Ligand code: DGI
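Next up is one chain by itself, shown in structure tokens, the form predicted alone.
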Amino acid sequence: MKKIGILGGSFDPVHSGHVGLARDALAQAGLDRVLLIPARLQPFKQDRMPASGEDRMEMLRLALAGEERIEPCSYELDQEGVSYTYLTLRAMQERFGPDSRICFITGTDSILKLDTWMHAEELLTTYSFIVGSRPGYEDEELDRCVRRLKETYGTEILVIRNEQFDISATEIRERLASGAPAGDLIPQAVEDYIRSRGLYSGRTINDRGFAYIKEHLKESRLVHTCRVADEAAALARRFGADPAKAVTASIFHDMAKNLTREEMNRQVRTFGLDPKYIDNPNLAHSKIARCLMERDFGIGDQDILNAVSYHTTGRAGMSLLEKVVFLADGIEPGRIYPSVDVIRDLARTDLDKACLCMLERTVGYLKKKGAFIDTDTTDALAYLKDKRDPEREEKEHA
């Protein structure tokens, strides 16, 4: 039976500790292969946006070049939604077949909390675990935890010695941002890549925005925001918009969602917005966000500002970026409504048609509820319908 090791994490950036743990697991657990799998959506442990999935994968490729039987895997980056370990291990079991044993590689901190994870019982009864422990580091607590998990779930757990010293990804990013070398903590090829791409080079507008929403929004709204940013970046690449602008707009698009109705009404008056937004938080939040972006964050890019301002309603003559953010907000993986899969399918090939379908769905939903429909929405719907009218298209090409 083949034994496949799975090491997950943000890898933002990958460092020598990750590589060392993979090597130790390969050698001490008799594994045939180790896969390092970066997560698509990140936990909110820091006041900054993570590097893109593409950058994190490339850093892994560079770090593991020349390693035998240790390789990066993009499985979680290729999926939609939050990266749950149980789903990844299910997929790896299916990929490698019933004759393979899937072994999840983790550190002491994680194994101590493992039975609180999503679908913990499935994880603990179905898969094996390899725990990297440094000598003297919470040995007694780890021993108690391993005994309890084995007795309760029959889990196969192997504790290995991971001699690699502690490495902090935060310290690495801080060093790189200050211009200090980090080659003692990350492979040189990874450091060279980071510097060539300008990653972790300082506190960007996205980092400032992320810090703001992390402080002010509920975690569920943070997860939504990251999903929108991820979806918007993918749509931007697909249809030729600027992915960096799409991510920036996505980070800020719901920044005013935390405000109470009274606070929104006050902001509408403060910024001199249309009175129709009074007592209409669903529409007001996007207009307020635009004003806060200009006033408090100094963002002057009109395309980004418009993408935030119209992400709820759309408008006639939407720019490519506006369509991307409008659609990303409506089809991110956490959205569940009857026509969402149809719209997602359209978004693979036809941005306008997907936006049109989204607008038709929005208008139909609001009419059914008897809710207010902004003229921007009806104008956007009419505009896209006219744009797609076959007779008009024939006249334009005649």
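Since we're looking at a predicted model, the values are computed, not measured. All residue numbers are counted from 1 along the displayed sequence.
If you look for the form predicted together with this ligand, you will not find it shown, but the lines that follow are about it.
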Within 4.5 Å of this ligand in the predicted complex, all of 238, 323 and 352 (non-hydrogen atom): no
Of 100, 280, 79, 155, the one that lies within 4.5 Å of this ligand in the predicted complex (heavy atoms): 280
Contact assignment for this ligand in the predicted complex, among 65, 371, 27, 342, heavy atom within 4.5 Å: 371
Any non-hydrogen atom of residue 337 within 4.5 angstroms of this ligand in the predicted complex: no
Distance check, residue 285 to this ligand in the predicted complex, heavy atom within 4.5 Å: yes
Distance check, residue 254 to this ligand in the predicted complex, heavy atom within 4.5 Å: yes
Partner contact for residue 362 in the predicted complex: this ligand, 4.5 angstroms, heavy atom: yes
Region of this chain that lies against this ligand in the predicted complex, out of 307-315, 112-120, 265-273, 208-216 [heavy atom, 4.5 Å]: 307-315
Residues within stretch 221-248 having a non-hydrogen atom within 4.5 Å of this ligand in the predicted complex: 221, 224
